[in-house]
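A single chain comes next, written as structure tokens; it is the form predicted on its own.
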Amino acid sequence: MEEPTEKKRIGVYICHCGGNISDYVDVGQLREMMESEENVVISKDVMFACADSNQKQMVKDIQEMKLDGIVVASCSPKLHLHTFRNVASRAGLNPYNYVQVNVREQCSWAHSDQPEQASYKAAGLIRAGIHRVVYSEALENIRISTQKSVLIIGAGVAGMKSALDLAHMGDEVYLIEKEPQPGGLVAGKGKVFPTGEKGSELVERLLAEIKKSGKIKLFTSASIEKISGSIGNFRSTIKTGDENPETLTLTTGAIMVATGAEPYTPAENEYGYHTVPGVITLTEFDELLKSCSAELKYAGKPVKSVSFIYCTGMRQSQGEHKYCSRICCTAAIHSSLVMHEKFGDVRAFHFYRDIRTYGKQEILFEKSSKSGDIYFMFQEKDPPVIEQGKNNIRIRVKDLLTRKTDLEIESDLVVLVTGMVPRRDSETVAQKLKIPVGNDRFFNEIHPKLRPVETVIDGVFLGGSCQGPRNISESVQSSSSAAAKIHAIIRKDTLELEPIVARINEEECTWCEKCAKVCEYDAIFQIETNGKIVASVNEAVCKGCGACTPVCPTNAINIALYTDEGIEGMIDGFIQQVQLKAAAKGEKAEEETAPSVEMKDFPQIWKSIMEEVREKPQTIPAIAAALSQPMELVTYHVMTMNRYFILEPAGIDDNDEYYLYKLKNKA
């Protein structure tokens, strides 16, 4: 890491984003304004900053003008942070000497109703970015060695499947299970949809494969005592056995949590549970179906009718479980069909708020309807009332399907359709691994779409229903995804982590312990150096969150890339007075580098571009030269045509400089 030195040659690039920014922010004026900023040697406004042609030009600018910092004012850094870091690297500039300013989501989109104010705000943000990059540092990624082994917590179907996936890829796996037998909830199930295979058979098949594998070590009746270390080198203390417990220490490169969930247990007298004989849960009903052979009986009496009460304990507007458990509708209907298949003429009544048999599971709902099952719909404010009748159970309901008619149904058995809730020990696991839980108390991933199996702790992954209610197929898919992510990490000899971590000024530090107390990741500890006790940072564990910096009484802690000088410089840049020339009424401010484009211009130029690429793919510069049009204009139209699926990329030219484009539907 170099000593911080002020950057004297900065390049600024302001993106039109095809009109997403320039329709509301006066990018032309902003470009002119930034040209006069101290240390700025080049300022441009470009149609698409992320376009391959502009990336090539940025590399050329950095090299020819010897830039030591760049600022890109465009969209969210979540989209193109790594794009422009790679541009800097290709040009020989340290990627951490680049700053991205968000003037799309934070300006043009947020203030589209006040474009003048959006321009003022954008000017402040860009100036803040310039002042920040002045104090940026040439940081190097943190490198750590990797253990090629994995600890999987939970040997349900998700944990067993991910263990097999990792073993097939050549990784060593330690699979630990809290219970005496693996398999989780699935081990106790009968037939499962859609294969018809029994849950116990599925578990036995997976277990047989695990025993054959030489890469998997299974520990049952095992629990986690302590976990320390970081990605690439976790150290876990495991206690195994009940009668003669042993303690093991395992070293692994990654950890996967697949602890699963458990069924909701109804409260006392919830729909008559534990107070009205014959009111049982869906789990208890499935056990009853397995135990009965010739005739369905409960408490020694024949059962000729069964009523299912959906959403028991779930979707509570005032209760603890506000979420929909998703899979309970399918589970209840599947159990009803198994009942019909095994015992024939038993009648089934379904009392529901909404039916959610999504995807292929819709087949079950159709089959249930055709088999004669009767469905009644109720609202949360008017739930079914369960009462003990003379010979059976009486259910009273206000049915929405018959215009809120008050109905009374008699049934031999009432089944409460309960959903999935987090395991009772999930918070203990979360505390030991430092992973967050949501309001529903399930484990939280970083992002449900972009990073669905990763946690905020590097090297700790999630799989199965510990994240939320899932069926077997969904649990297996998520655990296999986590296995693939894990293998991609531990297959490397060394890992590179971002260097944005806390740093200690040992001369100023007096070790008051305040920083260690507020650190959520246990990344700060004390060391002795030169006869003095000071704080130190485990860089592999530190997340650079900055919680430690404000509590330090001597200001001995800084966050790399977010130094006091950089933050103060951003504030100074943002509060500078902004002077913009007002555009004439009814006219747009003139933009020199971006040609004026109106909808009436589109058809002819689009036709011309299509003609140029009809015979063979062409680059944007080649199209611009052939049409004698400015490259910025052609770039705008090609990108727009690509967006609307008229053109598509067709590789890179022979010089590896520009993308080729062709007609979308042309072979």
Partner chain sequence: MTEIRKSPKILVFSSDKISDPGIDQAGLRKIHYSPSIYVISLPCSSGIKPRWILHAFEKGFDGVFIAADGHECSYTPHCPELTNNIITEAQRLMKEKNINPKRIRMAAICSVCAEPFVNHMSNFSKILAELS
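If you superpose the two forms and keep the largest set of C-alpha atoms that fall within 1.5 Å, you have the rigid core. Because the structure is predicted, anything quoted here is derived from the model rather than measured. Positions refer to the first chain, counted from 1.
One more form of this protein should be noted, the form predicted in complex with its partner chain, which is absent from this view; the next part is about it.
Of the stretches 256 to 264, 273 to 281, 569 to 577, 366 to 374, only 569 to 577 has residues with a heavy atom within 4.5 Å of its partner chain in the model of the complex.
Using a 4.5 Å cut-off to its partner chain in the model of the complex, not one of I62, I605 and I646 places a heavy atom inside that distance. None of the heavy atoms of D425 is located within 4.5 Å of its partner chain in the model of the complex. Its partner chain is not shown here, and in the model of the complex it never comes within 4.5 Å of any heavy atom of Y298.
Residue contact check for I142: none of its heavy atoms lie within 4.5 Å of its partner chain in the model of the complex. By the criterion of a heavy atom within 4.5 Å, G544 is counted among the residues contacting its partner chain in the model of the complex. Comment: its partner chain is not present in this chain, but in the model of the complex one of A138, A110, L400, L289 has a heavy atom within 4.5 Å of it, namely A110. Residue-level contacts in the model of the complex: of S76, Q316, T247, T510, one residue has a heavy atom within 4.5 Å of its partner chain, and it is S76. Shown without its partner, the chain has N102, E105, Q106, W109, A110, H111, S112, D113, Q114, E116, Q117, Y120 in segment 100 to 120 as residues with a non-hydrogen atom within 4.5 angstroms of its partner chain in the model of the complex. Once both forms are fitted on their core, the CA shift for D345 between the shown form and the other one remains under 2 Å.
After superposition on the rigid core, the Cα atom of K215 is displaced by less than 2 Å between the shown form and the other one.
Once you line up the core between the shown form and the other one, the Cα of Q114 ends up 2 Å or more from where it was.
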